[in-house]
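Only one chain is included here, represented as structure tokens and corresponding to the form predicted on its own.
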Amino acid sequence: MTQPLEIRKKQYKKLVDEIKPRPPLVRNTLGAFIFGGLIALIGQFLLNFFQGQGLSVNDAGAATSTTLVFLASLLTGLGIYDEIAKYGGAGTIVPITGFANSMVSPAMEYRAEGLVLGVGARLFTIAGPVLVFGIFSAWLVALLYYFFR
């Protein structure tokens, strides 16, 4: 009784594989490489700029991170970051800018519900689990370091 069902599933999978469009792998790879590299280049430019203004390496790094988060959030709010992501693909999810985008996007989507229940509540939809995991991991590593150093 289960044999015909499995045969139909295999036939269906084969049909889907034949019809499914193939992703443009080379274009996607080049786009990710170029846009990810551009974001890194902008970050390096900002770091050099802030160091040239007299900031220490650590302070320049903090200023660079803050500026990149601000720019990614602003571009997401204006709807430009999503347009860039259409061409840059995975290159636009460079950790700092991608994280800013993933925080602002849900908030912008629910802004019609108000500042508190819409933007405020949805702002941490993605960031909440990431922050919890990061804080827990840091606590666990610190605990292990304390006992096994």
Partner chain sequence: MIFLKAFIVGGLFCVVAQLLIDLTTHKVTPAHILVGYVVGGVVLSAFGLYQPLIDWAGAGATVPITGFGHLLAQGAIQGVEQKGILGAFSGGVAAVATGITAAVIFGYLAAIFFKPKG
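What you see is a predicted model; the values in this text were computed from it and never measured. Rigid core (definition): largest C-alpha set, two forms, superposition within 1.5 Å. Numbering follows the first chain given and starts at 1.
Not pictured, yet referred to below: the form predicted in complex with the partner chain.
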Exercise for the section: Report yes if any heavy atom of Ala40 sits within 4.5 Å of a heavy atom of the partner chain in the predicted complex; otherwise report no. Expected result: yes
Practice task
Report whether the minimum heavy atom distance between Ile96 and the partner chain in the predicted complex is within 4.5 Å.
Solution key: yes
Handout entry: Residue contact check: Leu115 to the partner chain in the predicted complex, 4.5 Å heavy atom
Key = yes
Exercise for the section: Give a yes or no for Ala90: in the predicted complex, does one of its heavy atoms lie within 4.5 Å of a heavy atom belonging to the partner chain? Expected result: yes
Exercise for the section: Would you give me the residues of 129-147 that have any heavy atom within 4.5 Å of the partner chain in the predicted complex, in order from first to last? Expected result: Pro129, Val130, Leu131, Phe133, Gly134, Ile135, Ser137, Ala138, Trp139, Val141, Ala142, Leu143, Tyr145, Tyr146
Practice task
Inspect the rigid-core superposition and answer whether the C-alpha of Leu25 shifts by 2 angstroms or more between this form and the one not shown.
Solution key: yes
Problem - C-alpha of Leu131 moved at least 2 Å between this form and the one not shown on rigid core - result: no
